[in-house]
Each structure stands twice: as structure tokens, then as C-alpha cells.
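Take a look at this single chain, the form predicted alone, given in C-alpha cells.
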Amino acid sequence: MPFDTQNWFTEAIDETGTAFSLKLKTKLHEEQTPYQKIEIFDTQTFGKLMVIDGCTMVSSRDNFLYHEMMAHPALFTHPAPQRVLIIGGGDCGTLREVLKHPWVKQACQVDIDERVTRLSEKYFPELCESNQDPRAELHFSDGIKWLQETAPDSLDVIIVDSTDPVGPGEVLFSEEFYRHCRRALNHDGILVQQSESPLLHQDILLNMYQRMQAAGFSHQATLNFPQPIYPSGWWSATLAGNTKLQHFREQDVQQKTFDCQYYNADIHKGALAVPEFMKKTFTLSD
């Protein structure tokens, strides 16, 4: 049981032989939606914690690491991003970061489970500060179907803020899905997707590279960043596009008009550095 008699939440993963625990104050909420089980805890040191189907999703203390790295590197790599689609991202933290960019004209978020967003509005209101922004569109439906019905060449950036590639989330890591993304993106368009732990999930990353290439993306690059509540504490997001992804608008980053807690130009460059073991594992295109 994740909520044990000692007031600890523990996410144990047999496949990797790892576990992560947080000391709890109390459980704030629990419900089973048509799609998943959602729990909200108040922890001793990480603030509020959202857990979905027994897996840590977001905490008050460290969510800025993930949300900033899911949004800003891709948006500062694209030459002029105006139209953004977020698939998943129901806690709205990535949406908040996207809408910090004044040149973004439309940010459409499509998540299948509305309850994730409504519970985030209640327990993580800081993540939902931009939900009423006139540029924001919140839709609660199947993101894959939404993408299939999106006009070709109509998007600048697609952010896949998804769960792990198991069960319903597995299709979001398929070649067919990447082909739909490639079709919907314009020539300079960029796809960014959370890509698990580089330490524990090298097979997932390798499959992503191969499927992205097969779907027509000529360039891929992986961003590395810390994420304490996720397995191993080391997480990643992978970019895909048809232009060089190592180059970004560094001067614009240095002159940005909004605040970040983690992301800056040096972090962007450092996150793209490739560890030696990854050089040996992947055929890198950038």
C-alpha cells in the first residue's frame, strides 16, 4: 500500500529495483475517475503531492524543474513559436510556462481527464495561474484523436506532457503518433516529449529516437535535468525536428522578461550535453 502505517508514501518499482518515499502529514483527497486513481497528499518536506495510479506526478517543491524544461528549451529553439499544442499536462504547470512567452498567440492543452485539472486548481493553484489567459484553450478529450484532426503544418511546437509509456500512454511513444505530430507541425516545428530516466530507461529513449527518425524527424536531442520525485531523480525530455536542435535563441533567453527558478541559457546548453554512455547507446543526429 502506498499509504502505510508509518505515514510514508512509497513508489516502489520492481522492474528497476528502486523506490522513492516521502514522509506525509495527511492525505487530502482520493478519487477514482473513469481513467485513473488520483490521490493528493500533504508531505513533510515537498509540500503537496499528486499521485496517479500509485505513481508520483507533481509536488509543490520540485515541479518547476520539469515544467520549465518541458516548455522553455523548445520554445527558445523554435525561431518564432506562436501556436503550441500540449498533449496531457493536466496539472497546467507546463501551460503556465508556455504562456510566459509573449509571442505565443495560442496554447491549446488537451488532457483526457478533467479531474486532474480541477484538483490542480484546488491543491496546486500556483500551477493554474494562466488558465484564464485568453490565449489558453483547455480541452478534455483524447489528445491523439485531437492531433489526428489537426490541420497539417498548423503548429509550431507540440509538447507531450504524458505519463509513462505503459497502458494508455504507450501509444504516445509510437511511430504512428510521431507521424501525426510531424504532419501537424510546420517546417520549423518542434516536438518535445518527456522521455523518462536516462539512467533507468535507456531502452525507451533508444526506441523514441528510432521511431522519431522513422516518422520523418531528421534531428533529435535529449535534455537532461534533475527531478527528485521521479525514478532515479534524473529525468529527460527529448526534442525532435527537421532543423538543428543544438542552436537556440540564446540572446532572447538572456533578455527574457519573465522569471524562472531553474531555466536559463547556461542550463539550456548544459542540459544538451551528452553523457558518454548515451553517446555509445544512441546514434545522435545533432
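The first residue of the shown sequence is 1; numbering continues from there. In this text, all values refer to a predicted model and were calculated from it rather than measured experimentally.
Separately, the form predicted together with a small molecule exists; it is not shown, and the next lines address it.
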Exercise for the section: Spot the stretch among 73-81, 96-104, 171-179, 200-208 with residues whose non-hydrogen atoms come within 4.5 Å of the small molecule in the predicted complex. Expected result: 171-179
Problem - is_contact(residue 132, the small molecule) in the predicted complex, heavy atom dist at most 4.5 Å - result: no
Handout entry: residue 87: touches the small molecule in the predicted complex, heavy atom cutoff 4.5 angstroms
Key = yes
Problem - Contact label in the predicted complex: residue 253 to the small molecule, heavy atom within 4.5 Å - result: no
Handout entry: Interface membership of residue 65, the small molecule in the predicted complex, 4.5 Å heavy atom rule
Key = no
Practice task
State yes only if every one of 153, 188 and 215 has a non-hydrogen atom within 4.5 Å of the small molecule in the predicted complex; otherwise state no.
Solution key: no
